[in-house]
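This document opens with one chain alone, in structure tokens, the form predicted alone.
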Amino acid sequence: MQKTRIGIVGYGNIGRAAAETIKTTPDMELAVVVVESQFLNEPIPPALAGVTVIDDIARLDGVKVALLCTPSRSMPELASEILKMGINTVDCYDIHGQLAGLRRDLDVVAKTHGTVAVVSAGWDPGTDSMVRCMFEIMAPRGITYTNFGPGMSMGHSVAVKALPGVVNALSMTIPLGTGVHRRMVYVQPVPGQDFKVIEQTIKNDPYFIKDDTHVIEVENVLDLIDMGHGVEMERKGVSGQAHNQMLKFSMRINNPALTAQVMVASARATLKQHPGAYTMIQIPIIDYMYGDQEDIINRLV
């Protein structure tokens, strides 16, 4: 079996988890990793032995799919550039209110260049979106509450770390119930920085502005970090004319590991789609899976 050659763009928490995941994936091989230029001055990690390590996406050739493991705000431009190179993309873009527009924009690029993009391939948005769809199939009328955490939000943490005057940051999502959340943001500022300015900038950021956000100054963020996260979704609805249908889904997970696993499965799915950009709910669920379709049907139906 010829394995699909995969590239990873970004080698942070998700990028490292993606590299580990690809090692356990029988139909894929990791060919290239794109890192920041200063990374090239450091010893290559043992996990990347035999893998080409570069610092420019222009040299990202010889791969069929690129996994974009970078901060969400850099993904739209990266995805567009890589799709134009004839390479499929999978990203983990997590700004919910903007992802539908991003998909439409990338759809035009992908169709023009004969490539495929999977947008927001993670667990939320991503597989949780698929569960919400299943809930509405089973109970079309009703209300679904999605309660995240308690746990570290990677997207929110990265957004704070990118702010001027911040050495490191951790954003914890605390569920209050019925889809309402509190954001506990722990910030290690650069010495001498005005913490009040940092605090106000965080509270006005689109990532945080809709939530009850508390910003706390700490001496060392590394003492607080735990990659665990989770979600609990509940729907109370109506099937036909039968009321009080109670549906529930719950998981406790390592955040980057699960995100990476979903991205790798989505890379497989790109190979089975017509050119264009897709969210995970638009793709047949069996297309994410490894193996013969008839075997999968026999095993799971």
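Since we're looking at a predicted model, the values are computed, not measured. A residue's number is simply how far along the shown sequence it sits, counting from 1.
Only in words, not in the display: the form predicted in complex with another copy of the chain, which the text now covers.
Participant: From the list Val167, Val197, Ala100, Leu222, which entry has a heavy atom within 4.5 Å of another copy of the chain in the model of the complex?
Facilitator: After the contact test, the surviving option is Ala100.
Participant: Taking 4.5 Å between heavy atoms as the contact cutoff, choose which of Thr173, Thr127, Thr213, Asn147 touches another copy of the chain in the model of the complex.
Facilitator: Comparing distances to another copy of the chain in the model of the complex, the residue within 4.5 Å is Thr127.
Participant: Consider Thr21 of the chain shown here, and say whether it contacts another copy of the chain in the model of the complex, taking contact as heavy atoms within 4.5 Å.
Facilitator: Residue-level check for Thr21: yes, a contact with another copy of the chain.
Participant: Gln245: heavy atom within 4.5 Å of another copy of the chain in the model of the complex?
Facilitator: Within the cut-off, so yes.
Participant: Does another copy of the chain come within 4.5 Å of any heavy atom of Lys84 in the model of the complex?
Facilitator: Output for Lys84 is no: heavy atoms all beyond 4.5 Å of another copy of the chain.
Participant: Heavy atom to heavy atom, is Tyr11 within 4.5 Å of another copy of the chain in the model of the complex?
Facilitator: Close contact is absent here: in the model of the complex, Tyr11 is far from another copy of the chain, nothing within 4.5 Å, heavy atoms only.
Participant: Pick the stretch from 65-73, 37-45, 251-259, 51-59 whose residues have a heavy atom within 4.5 Å of another copy of the chain in the model of the complex.
Facilitator: Comparing against another copy of the chain in the model of the complex, the contact stretch is 251-259.
Participant: Hey, which residues along 272-293 are within 4.5 angstroms of another copy of the chain in the model of the complex, non-hydrogen atoms only?
Facilitator: Heavy-atom contacts within 4.5 Å come from Thr279, Ile281, Gln282, Ile283, Pro284, Ile285, Ile286, Tyr288, Met289, Gln293.
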